[in-house]
Every structure is written in C-alpha cells, then in structure tokens.
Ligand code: GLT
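Shown here is one chain on its own, the form predicted alone, set out as structure tokens.
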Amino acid sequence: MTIPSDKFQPTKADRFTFGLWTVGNQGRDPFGDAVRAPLSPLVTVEQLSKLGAYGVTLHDNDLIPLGASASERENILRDFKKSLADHDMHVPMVTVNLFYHPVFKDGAFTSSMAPIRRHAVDKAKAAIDLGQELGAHTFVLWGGREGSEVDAARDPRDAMKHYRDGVNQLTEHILANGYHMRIAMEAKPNEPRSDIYLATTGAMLAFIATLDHPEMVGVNPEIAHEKMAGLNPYHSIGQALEAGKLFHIDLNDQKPGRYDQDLRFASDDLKGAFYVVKMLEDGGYQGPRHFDAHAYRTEDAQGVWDFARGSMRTYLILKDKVRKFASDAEIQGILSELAQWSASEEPFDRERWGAVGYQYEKLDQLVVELLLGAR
C-alpha cells in the first residue's frame, strides 16, 4: 500500500477514528448481498494504524459475537488488546447494538415489552463494561429501533418515560462502578423505523435536561442524520458545542432526500464539510474525529482502504482551508466590518439600517474560491 508523504498525511495526533463496522461494511443493501469478505478486527487495527489513524470504535457485537462464552470473550479480548498495543491504537468510544437482532424489532429501551426493555438495559451496561475494559471514555447510544410505524400502538409520552429510565440506569451503572465514562446520544429522524424518537440533536439536548445526571450525557451528532432531517449539521454541531454537550461526532456525508447513505466525508458537500471542520477546529472540540461511513458497494478490499485514507486526507485538507480562511485579508475584512456593526452603539435609524448591504454574496463567493483553490 503506497501512502503519499505530504502535509495531508494523517498522524496519531489528528485523533482520527473509524468504527469496526465502517471499514468492515460488506456492501450489503436491501437489494443485494455482501460484495466484500468479512474483515477481522485485528486486520482493521493494523491497516488503519498504517494509514495514520488514532484508533477504532466498536459496537459490542462487532468484537464479541452474540452468545459468545466467557472463555471465547476472554480470548477475543486478549488478542484484540495485543493488536491495539502492537500498533499504538486506541478505543476512545464504544457503543451497543440494540437494533440488529429480531428481539429489538419494536425498540429496545422503548419496546412495548418490559422484558425486552430490561434486557436492552443489561446489554448496554455490559457494553459499557466492555468499553471500560478497553479504555474508552465515551459510550454512544443510538436508538435505531426506538420509534414506531403505528402511532396507535404506543403513546410517545410513555416511550419517553421508558427511554429516560433506561438512560438513567446507565448513568447509575457508571457511577456505581466508578467508571470514567460519559454517554453521547445520537439522533436520527427515520430509518430503519418510519419515525425515530428524539429525531434531532436539538430534541436530544432537550431530553438530556430531564435526566437524573444530565452532566454525564451529551450528544453525538452525525452529519448524515442531520441532513436526513433537512437540517444544517454546522448549526447542530454549533448548538451542541455552545451547550457544552458535544461529547463525540460522526463524520460522513449524505445527499438530501435519500436513504441513510453513510458517504465518505465531504464526498457530496464540500462547503458544508468545510464549515463542520471549521466549527470543530475553532470551537475547541477535543474529542476524536470519528468517521461513521463506509466504502461504496462497488469497491473491493483495496477500495476500503482508499475510502479510509481519503476520509482523513479530506479532513486535513479542509483544516488547511480553515487556516487560509483565518488569514485571508479580504474575508477577514468583511467579517471585521460585520463585527463592528454587531457591536455598534449607534442609535437606530430605520432608513439607514434598512439600506445597509451585508456583503454576504461577496463573502460566500470568496469562500467558494478559497475551497476551489483560486485564493
């Protein structure tokens, strides 16, 4: 594998991470079977390390198969930890699969069946235990099946009570065990359910305020999920940062109005991706830059690593554009003038202020030119 040597070559210091399920995606879709062979977690760790990644993330069952015995779990963890150590890789985040098995077809924490709700909480606690063992400090909770198709079947007020109870049990589990772990909740408007509860990052932030330990719970915005809701990820991420609740982030891309595509970061919307990178870099976000996407179904094994390398390089290229934005005299001149107006103590004059032009057309064109390499 040939890796270019230039300033856009990622290093561990960039804190780029990928999920085992992202590079390990076999290319299945609702109309077609797998096009790639399964990818061993040990191979994933080794190859991503060679590309310059900082670490990997995982669902519980990405690493430990459902129903594995205690001895099987021990052997898998031993080999996985050795691979992490050998390749200087980290596991900053883990999550839990509460959506794949048929038992979760009507939800997990919000299932209509009390035994399933209890099982879901226990499974999530076990995933938190796994994360603690691997050194993770963030537990992401995506309610992929927490939703409905038939509104008559469940009062959403009851669903919120069950959801709240489940998350409260997780924070109590963390506290009782003395873990250094925070929970990041991930929003999505639909798919695989017709409607998913807490469909946006803003809804998640409001819900978090009702929890027993809101200080332990934040959000994990995903670019694709925000776009599926017709929202601007830049704004959602900014809201989370301003609230002190951006505990993790999923970087990918999405064409508006489509199914959840999990496209390579910035592969569709370069300007939108630029502003996301700008928000993360200027906003002081200290967490990993996590890519929750996968290679196109057209790709073979080599295409998977091309996807991973491209994700990281694009982020670094856009990070360089953020630096150029900050040093561009013409762009900064317009922003400086807008800042002066924002702080102005001039008396209100309807005619004067109604006639002012804001130079947004020029500003936007300058950003486009900067991204196109013309500045």
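Note that this is a predicted model, so its numbers are computed, not measured. Position 1 is the first residue in the sequence shown; the rest follow in order.
Keep in mind that the form predicted together with this ligand is missing from the display, and what follows is about it.
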{"item": "Position in contact with this ligand when the complex is considered in the model of the complex, options D269, E299, E281, D262, heavy atoms within 4.5 Å", "value": "D262"}
{"item": "Of W142, F109, F274, Y197, the one that lies within 4.5 Å of this ligand in the model of the complex (heavy atoms)", "value": "W142"}
{"item": "Contact test, all of K227, D253 and R289, partner this ligand in the model of the complex, heavy atom 4.5 Å", "value": "no"}
{"item": "Interface segment, criterion being heavy atoms within 4.5 Å of this ligand in the model of the complex, picked from 217 to 225, 301 to 309, 109 to 117, 83 to 91", "value": "217 to 225"}
{"item": "4.5 Å heavy atom contact, T138 and this ligand in the model of the complex", "value": "no"}
{"item": "Contact test in the model of the complex: H59 vs this ligand, heavy atoms, 4.5 Å", "value": "yes"}
{"item": "4.5 angstroms heavy atom contact with this ligand in the model of the complex for F104", "value": "no"}
{"item": "Partner contact for S236 in the model of the complex: this ligand, 4.5 angstroms, heavy atom", "value": "no"}
